[in-house]
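The same protein chain appears twice below, in two forms, each given on its own as structure tokens and labelled structure 1 and structure 2.
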Structure 1
């Protein structure tokens, strides 16, 4: 769940039309038109990605007149399918996968099952990845991958690709590095317990 109380505002006199904001926005809510950045005010989550990266400080976050909450409700009939998708992606359905918004795997899985097939659509539907914008991209890509979806990449550099998980590390690598303190198998055991926890 994400409470949205802020909105990006562009100072058009300062904007140089460089498109940095467009390339980082996790919900594709800002676009450069006629060399000036324009915010889709309905869609903007006030995450601050654009404001933090604009090279000429043309963007400010302002209070919204109409604060709102983003939350993707799970329909009870979908619960089994949602749980199955989470576990296929190696998450417990209740596992928190975005620390900023406390979004749990089940909410993202439900959004994916409802047809949200890119990280950008999922962010807009659930609010995930609109806090720090850093830590939750892999869980999103993992859940899409488990659903058999290869998401279309946006033109910017919102994200690049799926990366390895513990389960992808081969025995040779494990063997070579476990003496130095990396406990891959112990961690897999912890994860498996979490994934299969009865709740």
Structure 2
């Protein structure tokens, strides 16, 4: 969940319409129209990505008059499907996959099952990837992938490539490094126990 108390505000006299803000926004809540950045105030999570990267300092974060919380509630009838999707993506459902917002795998899985089929929609629905905006693209992509969804990369600077996990290491690599003290299969066994652990 994420408590949203800030909002991006654009100084239209300073904005040069370069689209940097549009390209870095994790929820696609800022767009350039008529060479000026326009913020969708209902969608903005106040993450600061646009403010930090604006080359002319035209964007500032201000206190919201109406702070709100982003949280995706899991209804009981979804729980089994949510758990199944998390485990298919190699996450325990209660595992925190975004440390900035403390978003759990089950929240993202529930959002995906509810029809959120891109990282940007998932970020807007759960708050994930609206803190540092760096690490948590991987868990989102893994859960989407486990659901059979391959999102198209939006125009911008968002990285959509998946990095390998323990389960992706091939037998040749395992064999080559086993003498160096790497025990990939043992690690996989431990992780599988954690992933499949019950409450």
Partner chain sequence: MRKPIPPAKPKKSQYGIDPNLLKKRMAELPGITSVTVKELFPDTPDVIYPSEAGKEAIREATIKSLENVDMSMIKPENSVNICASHHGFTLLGGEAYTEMLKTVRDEIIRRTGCRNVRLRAGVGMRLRETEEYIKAFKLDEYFEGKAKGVAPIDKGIPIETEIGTLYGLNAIYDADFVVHCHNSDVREVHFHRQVDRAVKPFGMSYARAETRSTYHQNLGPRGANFTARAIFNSEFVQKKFAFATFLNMSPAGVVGVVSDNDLYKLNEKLTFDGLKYYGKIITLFGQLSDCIVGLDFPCPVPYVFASGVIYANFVSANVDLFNLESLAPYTWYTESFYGKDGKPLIPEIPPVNPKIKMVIHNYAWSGYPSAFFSTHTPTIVVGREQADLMSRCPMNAKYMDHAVIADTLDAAMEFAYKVTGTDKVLIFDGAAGGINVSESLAKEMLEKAPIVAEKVDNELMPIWLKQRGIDPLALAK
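Numbering follows the first chain given and starts at 1. C-alpha atoms forming the largest set that superposes within 1.5 Å between two forms make up the rigid core. This is a predicted model, so every value here is computed, not measured.
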property	result
Which of the two shown structures is the form predicted on its own	2
Threshold 2 Å Cα movement between the two structures for residue 174, core superposed	yes
Rigid-core frame, C-alpha of residue 16, shift of 2 angstroms or more between the two structures	no
Shift in Å of the residue 183 Cα between the two structures [rigid core superposition]	5.5
